[in-house]
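First, one chain by itself in structure tokens, the form predicted on its own.
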């Protein structure tokens, strides 16, 4: 009877509005709000304001010729105007037809990099989670690509992938003619994926290794006593135990790879259109032509942000639905 009354009370109690919940949280945890305030202000200054400015510019015809600037003692005012959705329509349906090829390649690049990085990182994590000789040395060597600054790694790979670099010299020893990794369109894509995997595998490996070490050994021992093979233990114990870590690193991997400016720009520059992803395409619109097209560059950036927001929302809902199905 008591349970029924409590359930009835829970159903009849009105839910508090978000404003009431915020006020209650502030009244009870005001010190936490006070400690978060500096961080919020800094993020608002370095992230919020540029984002709002970029959204505004995407609805204008701003270029390097009509944006206000100061030359010596003379100030030239802004002369750009509001054009509404013209930039977005031009990007999505314009005659130059550059957005969609870059988008398709960006998606293919992101999927290939994340899938291969996760698979290689998981394989290395499983190996390093075992009791093997010199395990600490192997971990240190595999983390080195992550510790080295990205621009140093990429410049080293430019030398390795040059026409007379180490890769083509090794292929020549095998009587194979190596492609021009830095100029041939298909070879550029393969090289971009390979270099990004080299840079991303250490993070994936370390994250998954931490997840593996958090799985209780008793689960593996119980499965082994029940007669499960190594593959069955991996599928039914290891992968479910890694689910929280995997969902997070995959989401981060997608966001980072989708916006991976350094690898493409430092490896190929902006002259090779076939390998440009959306963020380097936006950079090229901003800096790689005259007059510099601030508005179109901002519009491409807002489209990238919108795509990632949609993907993140769908991905999290999919994970939540799967978790609820597993609990049911």
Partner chain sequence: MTTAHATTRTRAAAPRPGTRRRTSSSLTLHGALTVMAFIAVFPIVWIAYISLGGDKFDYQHPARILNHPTLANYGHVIQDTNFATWMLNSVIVALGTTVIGVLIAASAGYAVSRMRFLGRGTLMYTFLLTQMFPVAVLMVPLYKIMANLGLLDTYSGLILIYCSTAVPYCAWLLKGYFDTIPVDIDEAGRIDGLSPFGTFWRLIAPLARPGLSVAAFYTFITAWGEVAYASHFMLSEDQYTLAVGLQTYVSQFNSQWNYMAATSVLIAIPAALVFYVVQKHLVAGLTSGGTKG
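Numbering follows the first chain given and starts at 1. Since this is a predicted model, take the numbers as computed values, not measurements.
Keep in mind that the form predicted together with the partner chain is not shown, yet the notes after this line are about it.
Novice: Have a look at 185, 210, 101, 94 for me and say which one sits with a heavy atom within 4.5 Å of the partner chain in the predicted bound form.
Specialist: The residue in contact is 210.
Novice: Select from the listed residues 83, 112, 251, 223 the one whose heavy atoms reach within 4.5 Å of the partner chain in the predicted bound form.
Specialist: Contact with the partner chain in the predicted bound form is made by 251 alone.
Novice: Could you confirm whether residue 169 comes within 4.5 Å of the partner chain in the predicted bound form, counting heavy atoms only?
Specialist: It does: once the partner chain is placed as it appears in the predicted bound form, residue 169 has a heavy atom within 4.5 Å of it.
Novice: Does residue 271 make contact with the partner chain in the predicted bound form, using a 4.5 Å heavy atom cut-off?
Specialist: Output for residue 271 is no: heavy atoms all beyond 4.5 Å of the partner chain.
Novice: Is the gap between residue 157 and the partner chain in the predicted bound form 4.5 Å or less for some heavy atom pair?
Specialist: So residue 157 counts as contacting the partner chain.
Novice: Though only this chain appears here, would residue 50 touch the partner chain in the predicted bound form if you measure heavy atom gaps against 4.5 Å?
Specialist: Answer yes; at least one heavy atom of residue 50 falls within 4.5 Å of the partner chain in the predicted bound form.
Novice: Tell me which stretch of 104 to 112, 241 to 249, 172 to 180, 185 to 193 has a heavy atom within 4.5 angstroms of the partner chain in the predicted bound form.
Specialist: Stretch with heavy atoms near the partner: 241 to 249.
Novice: In the predicted bound form, which residues of 214 to 230 put a heavy atom within 4.5 Å of the partner chain?
Specialist: Heavy-atom contacts to the partner chain in the predicted bound form: 214, 215, 217, 224.
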